[in-house]
Structure formats: C-alpha cells, structure tokens
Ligand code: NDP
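Here's a solo chain for you in structure tokens, the form predicted alone.
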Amino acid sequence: MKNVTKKKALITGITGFAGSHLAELLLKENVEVHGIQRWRSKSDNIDDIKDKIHLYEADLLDAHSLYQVVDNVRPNYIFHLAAQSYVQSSWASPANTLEVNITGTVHLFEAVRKTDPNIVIQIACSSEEYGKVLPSELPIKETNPLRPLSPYAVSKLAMDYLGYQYFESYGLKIIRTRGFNHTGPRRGDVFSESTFARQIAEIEKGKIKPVVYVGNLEAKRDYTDVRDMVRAYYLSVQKCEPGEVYNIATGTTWKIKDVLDILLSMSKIKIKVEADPTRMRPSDVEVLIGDASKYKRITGWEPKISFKKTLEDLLNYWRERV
C-alpha cells in the first residue's frame, strides 16, 4: 500500500552545498525528495543518494521549465536554494548575479502561483543583506537596516523583498530565512575557511609548497554547521509564519584569523601564511553576528555541532578529495 501521508519536497539547487545536505536530511525524515538541477550541471555532492531522489533538469532563467517541474511534482514544500551564491563572483559578474537571483526567484514564484498557492516556500536569503552594520546594532536583529555592500547582497535583498511582496499580493506561503555564514563538508573552495582547508590538504599531500594564501583575516563571522542550517530550513517550513523573516545564526563570532589558526593546528606540517592581494574585496563586511531569538522561540532550534567539529569535517573532506 502506498503511504499517502508522505510529504513531498522540491529543492532548487539540490546539487549544491546546502541543497545536498538538505536532501540527505529530508530522506532521513521520510520526505519524498525532488530536486532541480541545471542542464549540464556537474556535481558529485548527491552521488550517494541519487537513486533515492527524483531529479529534473530546469533552469531558473527558463520560466517554462520551472513551471513544468512545479506542476509535475506539486510538492508540499519548496526550498529555494539555487542562486549565484559567491560574493566574490558578484563583483566580477554583477549583472548575471542580479539576473539569476532576482529574475530566477520571480520565475519560481510565478510557477507556484499558477500551480498551487498553498505550497510552502522557504527562500534562502542572506545575512549579507545587512551589510554595513554599526557597532551599536550588534547582534543583528531582523529589524536592522539593510545596507548591502556587494552586488550579491543587493540581489539577495531584492529576492527577500520579492518574497514579502508575493506574500502580500498573492498570499503565497513564503518564509524568508536570513542565514548567517554556514560551512562544513562540500563547501566551495571560494569561501575563506574552505580554501584554507583545501590548501592545507594539498600541502599535506606535497602538491603545493607549505604556504597558505589568505585575504582579509580581520573580518568576524557567525558560523553555523551546514547540517544544523538545513535542519533549520526544514523546521522553518513546518513552524514559521509565511511573510515573516527569520535570522538563523549561532550568536557567536569567529575572526577569520582564528578559523585559520584552528585549521592549521589540525595539521602536523609547519605552514607559513602569506597575504594575497587578489583575495581582497572592494568592500568587506567587518562583523556579522546574528540574533536568532525570534526563530529559536518559534522552532526550538539550537545548533548541535561544535565549530571545531565542523572545521575538522571540512578539512577531512578536502583530505579525501585532493
């Protein structure tokens, strides 16, 4: 007999960093998992679960392909994680970042509006939207002014407000989560902690000389383990109010220099550190520390994985890869 109560979830960006971890979590929670991947998209993040999920080829910028998938699957939940998600890349290609993150989100909302406005949609917004934060405004609440400092941050802010607008205008059940930094195994090596881990793994294998190249080490970030973050995404569609916005964060900051030091302490090799001017950004957010009390109050969520464990798993991930 078919289990009629099994919930269905559709993940955009299922082959990505957070998307692959979310897919694994949902399978454990007995949710039927459907995912959208781009044509010709190459990723081995979901190799271990490919036979347990349903994959569809579609593109955020092809409205018809998105509509077909949403209409075909008719999920209970949509997790919108697909995006141009690299701050650094948004400086190099601002127009592409805005197009994918804003127009792509509109296409998804329109597909849901035409198919079934009762589908609950979680959109992965970003702490980068807060941008320039004054010392008196820490820790950052959802009510903080939004002063974005990168094209990526502007694109996420627009996506965030589109979620609010579609909720108000059409009653779409959109939950906006502003995740602060999250990391762990499978993190792309364009992110500081992951590029450090990858370089250390390559040094240990003798592939490169014993020097780690770094950008700005003074910035402070609020890191959540990706496995805790996707658990928060899943709780949000079950417990949060549509139209509302929620910070997801630990409330603790780590200086990038300290992150590097922890990773270096996990290696037995003596490694030098050198600044690389190409890794500096035109403007960088100095401090991101989140107040997630609104979200925690509604969901009961608390991070479970320690930051040292997160970094250890990230380093071991790269040790297996390089």
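Nothing here was measured: the structure is a model prediction, and the numbers come from that model. Position 1 is the first residue in the sequence shown; the rest follow in order.
What comes next is about the form predicted together with this ligand, which is not displayed.
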Stretch in contact, per heavy atom within 4.5 angstroms of this ligand in the model of the complex, of 134-142, 196-204, 117-125, 235-243: 117-125
- prompt: Using a 4.5 Å heavy atom cut-off, are 93, 154 and 220 all in contact with this ligand in the model of the complex?
  reply: no
One residue of 68, 293, 267, 41 in contact with this ligand, assessed in the model of the complex (non-hydrogen atom, 4.5 angstroms): 41
Listed residue that, although this ligand is not shown, lies within 4.5 Å of it in the model of the complex (heavy atoms), from 181, 150, 250, 192: 181
message: Within 4.5 Å, heavy atoms only: does residue 83 come near this ligand in the model of the complex?
response: yes
field: 4.5 angstroms heavy atom contact with this ligand in the model of the complex for residue 59
entry: yes
- request: State yes or no: in the model of the complex, is some non-hydrogen atom of residue 187 no more than 4.5 angstroms from a non-hydrogen atom of this ligand?
  value: yes
- prompt: Applying a 4.5 Å heavy atom distance criterion, does residue 100 contact this ligand in the model of the complex?
  reply: yes
query: Which residues, if any, of 8-28 lie within 4.5 Å of this ligand in the model of the complex when only heavy atoms count?
result: 13, 14, 15, 16, 17, 18, 19
